[in-house]
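Just one chain follows, in the form predicted on its own, and it is written as structure tokens.
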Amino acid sequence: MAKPSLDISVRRKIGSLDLELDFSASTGGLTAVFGRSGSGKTTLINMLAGLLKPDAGRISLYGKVVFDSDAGIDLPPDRRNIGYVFQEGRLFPHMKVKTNLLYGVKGGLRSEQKIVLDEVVELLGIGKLLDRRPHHLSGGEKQRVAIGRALLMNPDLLIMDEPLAALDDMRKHEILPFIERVRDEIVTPIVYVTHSVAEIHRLASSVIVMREGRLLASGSVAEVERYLSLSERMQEMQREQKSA
């Protein structure tokens, strides 16, 4: 069976970014979208999710066309069936965790759901959090709840936009095993935006490398390793300069 794929041919200009992409990529497992700040990573995933409209082009998710400027197709976000986890949890502060989770369930709890509440609670280890409100949660706990809410949509694709960026190192190490469990135990493909080479080595099955609005490389982690190694060396140099 062929792996699910993204087929993207789009153009979009935002400020100084002139994005132009034309590629197909397998999205089985976890696909990392990697690049420096300003390379267009978030612009790309927002176009996939329907939060940002390309100036022109075509986007197909697993054979389903969600955008085609020539054909006049532009499905709204709620018809693309994509779960989205932002850098911050974006939980509803007035709702308890359980209510936040159930907000992602389309039409209430249904017996035909593939992913159900009890499964998500166990998978993400959030059973003791269900009666808390977001302001009583740590950053890592908020992100686990946000991931759970997105999974309960039963999405065809789960997008995670730098979900660890706002966390300190301790919280990052706390949440990484749960992201691995989602990757390994839920069949939903994941597109995961990051600028961390370490996260790619730990989580990704394939990588899309971007630079200045263009596709630089795509393939398995091994196939794009030279780009990752170069970036890792540059990041290390930057850290040394800051500490000097």
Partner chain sequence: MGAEFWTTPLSEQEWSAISLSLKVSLWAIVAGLPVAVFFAWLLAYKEFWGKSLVNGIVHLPLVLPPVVCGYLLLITMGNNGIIGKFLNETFGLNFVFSWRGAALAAAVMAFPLMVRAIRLSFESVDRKLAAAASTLGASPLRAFVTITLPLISPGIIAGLILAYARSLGEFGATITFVSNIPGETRTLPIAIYTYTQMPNGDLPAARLVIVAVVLAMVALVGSEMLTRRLSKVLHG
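Residue numbers count along the first chain shown, from 1. Predicted model only: the values in this text are computed from it and were never measured.
There is also a form predicted in complex with the partner chain; it is not shown, and the following applies to it.
With respect to the partner chain in the predicted complex, the three residues 128, 131 and 203 uniformly fall beyond 4.5 angstroms at the level of their nearest heavy atom. Only one listed stretch (67 to 75, 95 to 103, 119 to 127, 161 to 169) carries heavy atoms within 4.5 Å of the partner chain in the predicted complex, and that stretch is 95 to 103.
Checking 176, 198, 51, 216 against the partner chain in the predicted complex, a heavy atom within 4.5 Å turns up for just one residue: 51. Residue 156 falls outside the set of residues with a heavy atom inside 4.5 Å of the partner chain in the predicted complex. Within this chain, residue 135 lines the site of the partner chain in the predicted complex, having a heavy atom no more than 4.5 Å away. Among residues of the shown chain, residue 144 is not one whose heavy atoms approach the partner chain to within 4.5 Å in the predicted complex. Taking the partner chain as positioned in the predicted complex, none of the residues of 178 to 192 brings a heavy atom within 4.5 Å of it.
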